[in-house]
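Okay, so here's just one chain, in structure tokens, the form predicted on its own.
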């Protein structure tokens, strides 16, 4: 899935003197406050972090509250969806008018009917709706399906994504990946087919020869029996 990246960041964390007895814990708390929020500095949502190096020297800042700054190096896992990127998510709600998806367990996405290609048609049975491909009937999208879709836009404040299923390479992840595997398997079978035919032909010839030899032996045995009876 696109939109995920790891960034090496040089950070300065400001710690209150009241937390000076346990600076490491204070730093982790400050870093945790960045999680699952869009950060303009990093141009993405911070999903995880790992502190690599911590400066043992801190700088005291003057002001109403004399905070001190601690420099550190950290690896940040960022989620930065951009238009035309491909994302994957789980369908949590499906109606004729729209498909609602959860991406990475926290970001919501919606695909409205005008952004669903004509290949798919909506069907409802016993109160359960699903989208079925007109071209490939096994290609279906329903609640619980993992789908791959194209990003149209992102609302950074509420982390809401507008998506599209117009491109042909979007849809059910299971079907898309499975179709590639099936195509590869079929092509391998076609390549191996001539060898298989040769083997079958060789076996057929061998069995035919064996059958003819057995017939010759049976004829000879019958002749011997007749000669013995005559004598």
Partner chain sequence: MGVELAHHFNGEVQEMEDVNFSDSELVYHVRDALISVQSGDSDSYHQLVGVMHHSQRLAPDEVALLVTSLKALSGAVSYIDNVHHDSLLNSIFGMSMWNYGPDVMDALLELIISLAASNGKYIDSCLDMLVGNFMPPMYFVDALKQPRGQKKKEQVLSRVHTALEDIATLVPMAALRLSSIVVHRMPTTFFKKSLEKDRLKYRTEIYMENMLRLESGSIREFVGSRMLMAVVDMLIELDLEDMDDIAAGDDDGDEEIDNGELPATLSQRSLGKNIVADLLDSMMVQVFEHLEFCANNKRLSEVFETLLDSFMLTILDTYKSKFAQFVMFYACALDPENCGVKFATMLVDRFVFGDNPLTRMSAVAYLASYLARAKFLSTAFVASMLKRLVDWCLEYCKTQDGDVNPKAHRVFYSGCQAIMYVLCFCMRSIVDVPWLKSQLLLMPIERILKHKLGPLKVCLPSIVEEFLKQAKAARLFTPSETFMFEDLLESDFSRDFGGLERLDMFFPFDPCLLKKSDRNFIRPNFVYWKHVRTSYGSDDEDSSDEDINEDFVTMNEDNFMEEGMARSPDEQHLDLDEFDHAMNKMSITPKNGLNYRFGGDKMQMPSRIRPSTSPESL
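Numbering follows the first chain given and starts at 1. What you are looking at is a predicted structure, and each value in this text was computed from that prediction instead of being measured.
Omitted from view is the form predicted together with its partner chain, to which the following refers.
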Segment assignment from 75 to 83, 129 to 137, 144 to 152, 102 to 110: heavy atom within 4.5 Å of its partner chain in the predicted complex: 102 to 110
Using a 4.5 Å heavy atom cut-off, state whether residue 93 contacts its partner chain in the predicted complex. yes
Is it the case that residue 157, even though its partner is missing from this view, gets within 4.5 Å of its partner chain in the predicted complex, heavy atoms only? yes
Evaluate residue 114 for contact with its partner chain in the predicted complex, applying a 4.5 angstroms cut-off between non-hydrogen atoms, and reply yes or no. yes
Any of the heavy atoms of residue 36 lying within 4.5 Å of its partner chain in the predicted complex? yes
